[in-house]
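Next comes just one chain, in structure tokens: the form predicted alone.
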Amino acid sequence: MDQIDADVLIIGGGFGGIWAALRAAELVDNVVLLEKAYVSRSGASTISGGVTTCPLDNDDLSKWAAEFVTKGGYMCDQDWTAQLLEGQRERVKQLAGWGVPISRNDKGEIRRFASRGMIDVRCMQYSPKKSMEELRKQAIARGVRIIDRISVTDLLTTDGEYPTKGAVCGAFGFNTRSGECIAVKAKQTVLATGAMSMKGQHQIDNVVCDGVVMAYRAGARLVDLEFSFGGTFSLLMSKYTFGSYNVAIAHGAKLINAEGERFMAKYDPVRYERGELARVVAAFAKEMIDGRGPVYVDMRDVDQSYWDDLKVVQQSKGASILLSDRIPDPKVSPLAIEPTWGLWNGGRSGLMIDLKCRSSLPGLLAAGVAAKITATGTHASAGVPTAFSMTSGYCAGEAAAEMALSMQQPRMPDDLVAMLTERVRAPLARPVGKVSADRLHDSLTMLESSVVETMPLTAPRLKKMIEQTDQASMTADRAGAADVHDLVKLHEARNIAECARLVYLSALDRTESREQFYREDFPETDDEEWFCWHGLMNTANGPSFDRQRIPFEKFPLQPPRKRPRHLSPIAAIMRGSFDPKAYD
């Protein structure tokens, strides 16, 4: 057992966590960062598509903010929208100043392109791997203590209760190789564990649901979990990863059906494939349902700068496939493509935070897409999750350090660490039965079948999915682990099952459809009942839901008044009645 103290503890080493560490280390001396894998060699930030929102000094950010708010269905904290854009402008300058590879034009200026779903908002392409390497170096130089390969399983609380009536005072976990346990007692804790995701369904297997579930158990307020459904076009030729879809369509790639038709012209004749991703995925599903599949990505008209940047900036698995001889030449032949759809929140849901990234629990802050991105509401444009991670990380690190300066180390029950140690290591003492950790994860991924089956939700389907997650949780609670490696995966499976259950419960509670959330049995958007932030908290009596009114009177942009109920975009697409003018 290793027990250490910290002024600020950060859980997670992606953009959110490392930026929090950088800023906190400028204000306090004792900053500790725990990472399940290895900072700069793992996680969503390191192998992301290399796209981030890129506001520069001469941009009119009020136009950008208006586009985010309207495309986000007005379900935004508009103060956060402004803070995101202003903060990201500074983060871009810092990345450029450190020499991170960024795509540039012949004049040496940052090359920008329209962000997916947007007209005015612009993105840039950069090297995420080189960025993370530089951020790690900068953090170490500022005295941040990075402890890699620590699987954090629980938040520490001052009263030892879950949910707590006190405050969060650190975290508990174990080394993923040695099994040695660690407890970090901290004045302030920043949760930056990344997206909610199924293990095995995405490229980043270590980014699952750990942080959100830990926070829920401790009693933090989560919001809009039903908007955790999402996906992107990520599978080429049924077996290869396509990691640069958003960049490719910005450079001229198209989606075509088996008849060679650019079908997005029917759904968005202005933005085409650059429209809201959920609508594009729904259009794909409609093409398949109507017998016009398979669908192909046509890259024959993509401009040369895209191919040049793949060699220099992207450095991803998807880039290596496009530049290899294992597939037909994409400059000549369209390639069969499929989307994923399922548990992938991308910041559309998560911990509710204020402008200083404080959660509803004292002592706990959140950064990155473990938090709800209220800056953009229901929309998650290409570039927003990374931009929010960078800016919220900086804000969280600053706020945590400022609060820590005026605090003493908190106290916690003497027996809490011993209790957590026994509970976390218990599977190592149990016999390994027929259901291994790997088989348990396989059973969980079966909750996410084809897009055609997964996107439409109904009460009976959701209740069945809840039953399946309950069964998975019970299995995880009884399962044994053969070694520490299996122990990590077993705790991940338990977290995924619990998080999926919360998502499905939230989806069952919300009786309308809105953007990527599609209740086939409640296909209309209902502003009168559901224009809100839909909250969920853990209580002594189980999950408790609430609806928080969005304070429009304090914001500059107002939604249309008394919007009539209407079919949601996905409902209209699935029913063949979608009129793009009605959803502009």
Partner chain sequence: MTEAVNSPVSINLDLCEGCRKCLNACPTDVFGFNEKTQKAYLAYPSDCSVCFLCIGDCPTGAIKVDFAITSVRKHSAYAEYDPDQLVLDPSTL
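Just so it is clear, the model here is predicted, and its values are computed rather than measured. Residue numbers count along the first chain shown, from 1.
The form predicted together with the partner chain is left out here; the points below concern that form.
A.B. asks: For the three residues 241, 258 and 438, verify that every one has a non-hydrogen atom within 4.5 Å of the partner chain in the predicted complex; reply yes or no.
C.D. replies: Yes.
A.B. asks: Please identify, from 87-95, 184-192, 387-395, 282-290, the stretch that has a heavy atom within 4.5 Å of the partner chain in the predicted complex.
C.D. replies: The contacting stretch here is 282-290.
A.B. asks: If you check 443, 360, 158, 421 against the partner chain in the predicted complex, which one has a heavy atom within 4.5 Å?
C.D. replies: Filtering the options by heavy-atom distance leaves 443.
A.B. asks: Would you mind picking the one in 307, 296, 74, 272 that has a heavy atom within 4.5 Å of the partner chain in the predicted complex?
C.D. replies: The residue from 307, 296, 74, 272 that makes the contact is 296.
A.B. asks: Quick one: is residue 237 in contact with the partner chain in the predicted complex, heavy atoms, 4.5 Å cut-off?
C.D. replies: Within the cut-off, so yes.
A.B. asks: Does the partner chain come within 4.5 Å of any heavy atom of residue 557 in the predicted complex?
C.D. replies: Residue 557: no contact with the partner chain in the predicted complex.
A.B. asks: According to a 4.5 angstroms non-hydrogen atom cut-off, is residue 321 in contact with the partner chain in the predicted complex?
C.D. replies: Answer yes; at least one heavy atom of residue 321 falls within 4.5 Å of the partner chain in the predicted complex.
A.B. asks: Does residue 337 make contact with the partner chain in the predicted complex, using a 4.5 Å heavy atom cut-off?
C.D. replies: Close contact exists here: in the predicted complex, residue 337 approaches the partner chain to within 4.5 Å, heavy atoms only.
A.B. asks: Of 43-59, which residues get within 4.5 Å of the partner chain in the predicted complex if you count heavy atoms?
C.D. replies: Heavy-atom contacts to the partner chain in the predicted complex: 46, 47.
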